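Given as structure tokens, the chain that follows is alone and in the form predicted alone.
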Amino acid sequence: MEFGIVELSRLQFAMTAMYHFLFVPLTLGLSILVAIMETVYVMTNRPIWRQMTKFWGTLFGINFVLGVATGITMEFQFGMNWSYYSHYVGDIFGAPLAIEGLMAFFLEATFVGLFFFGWDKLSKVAHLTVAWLVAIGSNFSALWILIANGWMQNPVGAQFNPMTMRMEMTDFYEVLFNEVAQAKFVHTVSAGYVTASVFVLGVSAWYLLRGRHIELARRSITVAAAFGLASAFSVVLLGDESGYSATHSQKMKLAAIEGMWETEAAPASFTAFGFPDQEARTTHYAIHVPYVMGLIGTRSLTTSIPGIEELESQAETRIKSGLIAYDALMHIREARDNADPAETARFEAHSADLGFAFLLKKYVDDPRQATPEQIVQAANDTIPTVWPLFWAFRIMVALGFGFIATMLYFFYRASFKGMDFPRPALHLAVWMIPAPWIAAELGWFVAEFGRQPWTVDGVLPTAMSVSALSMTEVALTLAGFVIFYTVLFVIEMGLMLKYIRKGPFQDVEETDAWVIRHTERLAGRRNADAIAMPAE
């Protein structure tokens, strides 16, 4: 692959996006877990739950602040590195981003301050309301971002205006309720809940291994295991929904993830293992599971899923159709207000394929001058690199089922074995802490890399979206981001490890006194039961 301004700009955005996404899942999940813990505190009035809320809330706060700092730079890149993209689709893409800032971020940021500084100033119920508003704000923020991203994956509710040469929104509610956006939202937030659950589980397991903060750790594991088990099941089920929506909105991505080169007779099998060979267009040593892909992708046993080669042929046809739209567009632009109605009708008949004609701008300035060989090459460009998608997806799925097994085990031990956890299981929980981040990053990679060569699927190629910058300018900003983000990462890890090692440091005397009283009450009950048993 040639490494030019497009690839360097993609690398910079990928680096900043994936780094930012290190913070997002934990923020989404911890906000809910903290709110759950405070709910238990308000209901029971037990100091241990107040201490748990403050401790995990402190870690949430550290992660939240650094997540905000890394997220702001991403939005600036739309104007700096992707100016033509911003111009072309800004009317649609900008709306959910603006709503995210006005509705979700301000809500979240305002109540975060009240959460940390309002413990002694607000009533229990008022502070609990604040905690839930922080959680709702965090999740609302994700909703609007994913609506914007979902539109890039499945551009509905908009049309191209030949006079302004821009995409314009035609139906806000169609953008809002885009099936891809809704599936991505519930899948992403569920992944965040799993991330936070594994994090709480692992840190609590570390405390138990060292015999520290036993009461806090046991209760935290109980909450994390129950919440994490439900969330892990949700991730798998909602991921299935994403696969189903991709069947009719992003067919090439689905075929690449599956390594499906040729169209299979229905119902298609799922390739559990194999080595995709893009040059030979085959998957070596493939192990197929019958019917599974057909059920996931089509919800039926009679509908086929198109393979890569069939989709490439369809892309070539759409490029030729797009050339008709492009030619009509140029005539409309030349005539301005006196456009021939026949040209307008010709454009409207083929306008859905205009984006495919733009794929030729990678090779010629005027797509109408493209050779047949360049048309074939542009159609081939619609195939993403298969092997990274193939393996990233399977590693992500394997981790997902691993989370279900882990959460199920700890839920069983917490619910039916008196919160007695074997040391090997605790060690496993500690070592699993990085796993949900790996799964989340792989999921994000599959979603974005699988969309290539499009910035907006079927509408705007990535090669057309970049700003007119030099390689030196992008390389310098990339180096600056790497240095700045490395510093932030060191600060994040340092603060998180510092406060984890420190443990709960608030309400210590009150909580310790309650733990002693609670332990004595439990011991008294056990003694009473032991005395009563012989009499029975």
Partner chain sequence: MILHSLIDYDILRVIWWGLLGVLLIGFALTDGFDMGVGALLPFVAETDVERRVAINTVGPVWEGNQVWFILGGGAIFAAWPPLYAVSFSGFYLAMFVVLAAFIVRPVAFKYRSKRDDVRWRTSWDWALFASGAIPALLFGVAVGNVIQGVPFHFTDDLHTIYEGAWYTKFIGLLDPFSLLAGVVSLSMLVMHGGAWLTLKAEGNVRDRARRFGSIAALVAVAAYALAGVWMALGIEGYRIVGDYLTTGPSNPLHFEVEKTASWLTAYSDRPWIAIAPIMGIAGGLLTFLGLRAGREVSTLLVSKMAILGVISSVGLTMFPFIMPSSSDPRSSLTVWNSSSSHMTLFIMLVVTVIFMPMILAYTAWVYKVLWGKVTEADVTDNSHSVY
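Bear in mind the structure is a predicted one, so any value in this text is a computation, not a measurement. Positions refer to the first chain, counted from 1.
Only in words, not in the display: the form predicted in complex with its partner chain, which the text now covers.
- For the residues Met163, Val289, Ala345, Leu237, the 4.5 Å heavy atom test against its partner chain in the predicted complex is passed only by Met163.
- Put simply, of Ser220, Gln250, Asn81, Thr283 only one has a heavy atom within 4.5 Å of its partner chain in the predicted complex, and it is Asn81.
- Of the candidate stretches 196-204, 111-119, 307-315, 439-447, only 111-119 contains residues with a heavy atom within 4.5 Å of its partner chain in the predicted complex.
- Residue contact with its partner chain in the predicted complex: Lys361 places a heavy atom within 4.5 Å of it.
- In the predicted complex, its partner chain lies farther than 4.5 Å from every heavy atom of Asp277.
- Looking at Leu97, you'd find a heavy atom of it within 4.5 angstroms of its partner chain in the predicted complex.
- Looking at Phe393, you'd find every heavy atom of it more than 4.5 angstroms from its partner chain in the predicted complex.
- With contact defined as any non-hydrogen atom lying within 4.5 angstroms of its partner chain in the predicted complex, the contacting residues in 454-480 are Met464, Ser467, Ala468, Leu469, Ser470, Thr472, Glu473, Val474, Leu476, Thr477, Gly480, given in sequence order.
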